[in-house]
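In C-alpha cells, the next block holds one chain alone, the form predicted alone.
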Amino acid sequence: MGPHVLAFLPALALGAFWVGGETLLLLVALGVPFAFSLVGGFNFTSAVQSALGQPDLTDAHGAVAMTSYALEQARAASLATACIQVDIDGIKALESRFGETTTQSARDLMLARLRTLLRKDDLAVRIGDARFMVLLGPALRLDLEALLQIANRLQSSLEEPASIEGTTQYMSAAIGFCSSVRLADTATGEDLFAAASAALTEALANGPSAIRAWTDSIRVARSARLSLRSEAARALENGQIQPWYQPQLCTSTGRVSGAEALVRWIHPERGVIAPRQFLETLEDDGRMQRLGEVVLGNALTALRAWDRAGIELPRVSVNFSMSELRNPKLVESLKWELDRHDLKPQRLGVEVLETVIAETTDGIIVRNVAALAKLGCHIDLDDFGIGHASITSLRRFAIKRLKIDRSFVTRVDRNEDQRRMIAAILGMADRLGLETLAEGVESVGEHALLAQLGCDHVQGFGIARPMPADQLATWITAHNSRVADTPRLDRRSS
C-alpha cells in the first residue's frame, strides 16, 4: 500500500456512504488510514533523513534541496506540502549580552519547540542565525485556514518566555508560508522556498510578530521590489529619497529635546518605501556616502527652517555609516555644511553604531569621530547593548549619549529582568557622566517607568512615528503646547 492510496480516500468514503450509509463511511474513513499506518505508512521525515539528512542547521542550497524533495514526494502521492519560514527577533541581541554558547542554546530551544509541535512526517531545520524552516509532510488538506492555524500554534510556542542565564527573555516570531497548492503544477522546490521567503519578508515588513501567506499580491510586490533596485540610484539624485524625522522627548520636562533623521523613499507611484527595501541596494552600489550627504543636507536645511519658524528643536541627529566615517574629508565637508546653514556644531547629533565603535581598528574612523566631538557635535552611541563597546572605547570616542537598544526597552514595565538590565545601564551611564536615550518606546507604561528609572530621553512609536519636516513642525508646536498646559512633577523630586 503506497501513499498514493490516501489521494483516493475522499472518493472511497463517498462511495462507501452511497453503498452502506454512515456506518460504512466511518469504517472506510477511519479504517484506511489505520491500515495504512499498520503497514508502515509513509514517513516523510525518515525519507528526507535517508535521502538528504536532517541536520539542525543547513544553508540555502540545502534548504532548497529539502524543499524540492518534499515537493516531489507530495506530488508522487497526489498530496500537498507546505514550506513555512520563521524569523526570531531577539536571538541576535543575546550574543552581545550572554555570548555565543548561550545564543546557540536559545537557537536549539527554538528548534526543539518547533519539532515538539510537528507531526512525525514534518521536518524543521535552522537555515540562518535566527531563521528556521518547517516542511510539512504530504497531506490531504493544506489550505489557507489549516496553515494559519499551524502558523499560529508555532508562533505561540516560540514566543513563550524563555529562561536564559537566569533571566526571562521575550522573543517574537514572524512567519511566512506557502502551500504547494498555491503554485503552478510546474513550480519547483526552489519556487516554493522562494515563495515562503517572500511571504516572510512581507511579514517582517509588517511587524515583529506578523504572519503572512504567499499570495499573488506578494508576488507582484516581490517583482516590484526587484524593479526598485534599478530605480534607487536615480531616486537618490532626484530627491525622492529624503529624511523623515522622529521626535525625542526629555523625560524631566516632557518637551521635545531633539529629532532623529530617518531615511525614506517617497515613490511617486508606490508611496512611502521603508529603508529595508533600498538601503542594501545603495550599499551594494557604493552610494552610502552620497546618501549621507543627501540626508545631512536635508536635515540641516530643515533645522534652519524650523529655527526661522520659531520651532524649538535643540538638535537633529543623523546616522553615519561606516563608509562615511572612513571618508578622510568627512570633518571638513561637515564643517562646510554647518557654516553654509549658519548652524553651530552643537545642533548636530552624530549617531554611530555600537558595533562600529566596538569592532573598528580603523584609525581614520577613530580620528573622524574624535574630530567631530572636538568640533562640538553631539556623539551618540546607537543601539547600545547589542555590541561589545568597552568603557575605554566610550572615552576614546568621546561619546556623549547612549541610545539604549529597543531589545532592552521592550516590556520593561512588565518584566523585572528587563527593568534590572535598564537600571544597570542607566547606573553605569550616570557614573560615567553620559546622557541616555531609550529607543523603541511603544507604550505609556514603558515611557513612565523609564522616566522613573532616570533615563534622560525617550523615542519610539509610542510617542510618534517618523514624519516629514513640515508635519514635525506642527507636531512639536501641538506637543509643547500640551506640555505647557499640563502640571508636571520633576522626577528627581519624587
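This is a predicted model, so every value here is computed, not measured. Residue positions are given as counts along the sequence shown, with the first one as 1.
From this point on, the text means the form predicted together with a small molecule, which you will not see here.
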Using heavy atoms and a 4.5 Å limit, would one call residue 437 a contact residue for the small molecule in the predicted bound form?
-> no
Examine residue 121 and determine whether its closest non-hydrogen atom to the small molecule in the predicted bound form is within 4.5 angstroms.
-> no
So, in the predicted bound form, is residue 212 in contact with the small molecule at a 4.5 angstroms heavy atom limit?
-> no
Find out whether any non-hydrogen atom of residue 319 is located within 4.5 angstroms of the small molecule in the predicted bound form, and reply yes or no.
-> yes
Answer key, the small molecule contact in the predicted bound form at 4.5 Å (heavy atoms) among 172, 355, 246, 298: the residue is 246
Name the single residue among 263, 302, 330, 195 that comes within 4.5 Å of the small molecule in the predicted bound form, judging by heavy atoms.
-> 263
Counting only non-hydrogen atoms, which stretch in 172 to 180, 79 to 87, 332 to 340, 283 to 291 is within 4.5 Å of the small molecule in the predicted bound form?
-> 283 to 291
Non-hydrogen atom within 4.5 angstroms of the small molecule in the predicted bound form for each of 312, 422 and 456 = no
